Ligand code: BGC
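We begin with a single chain expressed as structure tokens, specifically the form predicted alone.
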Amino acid sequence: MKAIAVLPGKAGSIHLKEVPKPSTQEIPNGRGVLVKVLQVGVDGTDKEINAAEYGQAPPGQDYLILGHESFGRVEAVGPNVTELRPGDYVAATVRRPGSSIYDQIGTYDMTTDDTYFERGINLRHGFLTEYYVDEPEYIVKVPQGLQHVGVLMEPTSVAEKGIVQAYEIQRRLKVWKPRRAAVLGTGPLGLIATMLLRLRGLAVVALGRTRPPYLNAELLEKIGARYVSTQDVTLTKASAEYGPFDLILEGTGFSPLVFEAMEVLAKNGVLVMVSVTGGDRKVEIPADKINLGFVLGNKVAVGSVNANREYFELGAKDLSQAELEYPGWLSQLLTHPVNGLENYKEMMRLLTEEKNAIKVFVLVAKD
């Protein structure tokens, strides 16, 4: 069968590769689930792996199959699988457990191991292929009514985790009723996070670089959020006019903005950082002011990476709710389809060059 793969450590090595079709028998104890891949979302992670910035092949192999945003249909199950059946629509989680205590209790997204295992990213093959096999623990059922937007499950799970973690942390306050939130970054993750916060009833200001007219801004306004271009208004000014913000979710990958967010965060507020930054950028910051504000204001800053099964399941529920609250809105995020695995060059071109793309995704097979 076909797969889109790279040679980790070799920049620009993306290629189409023939690989063996998996079988449910590869999973012990009759617990294998064979999934036919229908769609796979791609993002900056795939682009960065192809640029050899990170990523490792599974042990004993020299290639890594890309793709961590999966949506498919169950093709076959082992004799001891009761959770799923052929025909079910599903999405797969990304991280797989290591050896830490957090891995052993199912919170593998909280691992303390130095080495981590992520399908399509590090030491485990991904989903940009025709079929994959896995255990039911890592496969989440997607309601039939979401089949047209099921490929959004993985980015939704990341946003869900960041928001849920904020609420979990604030249980320390006994009563926390956030009213205003800011989302920094208006790509797919920022749009979905804004939608989730709107479902919770928060007034949301989303900040991005592009000036309107801008499709992302129009989509935000359709769900009652406010869009602000950082070319015209700084986060500090936005906070003065529309804040203070009880919750700020930072997803830009621009680290200086994190420190500005720390400054403007409301008392008893939470800053959730979900973007991964590289390089060694250095900036001057008002360290004393930030420190004083955090101490006197009981503020929290927390990092959140990846997501486990809990957040995928919550994502399925909230995507269903979003379809009721904002009919057709989610579909508008899926702006740039790529037909077939063989068009991997077009996939990379869209990721690299298409500035108006919200979500690029590969149509692997017809339902």
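So that there is no doubt, residue numbering starts at 1 and follows the sequence shown. The structure displayed is predicted, hence computed values, not measured ones.
Heads up, the form predicted in complex with beta-D-glucopyranose (BGC) isn't pictured, but that's what we're talking about next.
In summary, the region of this chain contacting beta-D-glucopyranose (BGC) in the predicted complex, judged by heavy atoms within 4.5 Å and restricted to 225-233, 196-204, 110-118, 136-144, corresponds to 110-118. Contact with beta-D-glucopyranose (BGC) in the predicted complex holds for none of Ser13, Tyr63 and Leu341, as no heavy atom of theirs lies within 4.5 Å. By the criterion of a heavy atom within 4.5 Å, Glu250 is excluded from the residues contacting beta-D-glucopyranose (BGC) in the predicted complex. Within this chain, Val276 lines the site of beta-D-glucopyranose (BGC) in the predicted complex, having a heavy atom no more than 4.5 Å away. Interface membership of Ala57, defined by any non-hydrogen atom within 4.5 Å of beta-D-glucopyranose (BGC) in the predicted complex, is ruled out. In the predicted complex, Glu313 stays away from beta-D-glucopyranose (BGC), with no heavy atom inside 4.5 Å.
Proximity to beta-D-glucopyranose (BGC) in the predicted complex, defined as a heavy atom within 4.5 Å, singles out one entry of Ala91, Leu152, Val94, Ala182, which is Val94. For the residues Val305, Ala51, Val300, Ile27, the 4.5 Å heavy atom test against beta-D-glucopyranose (BGC) in the predicted complex is passed only by Val305. Residues from 34-58 that approach beta-D-glucopyranose (BGC) in the predicted complex with a non-hydrogen atom closer than or equal to 4.5 Å are Asp43, Thr45, Tyr54, in the order they occur in the chain.
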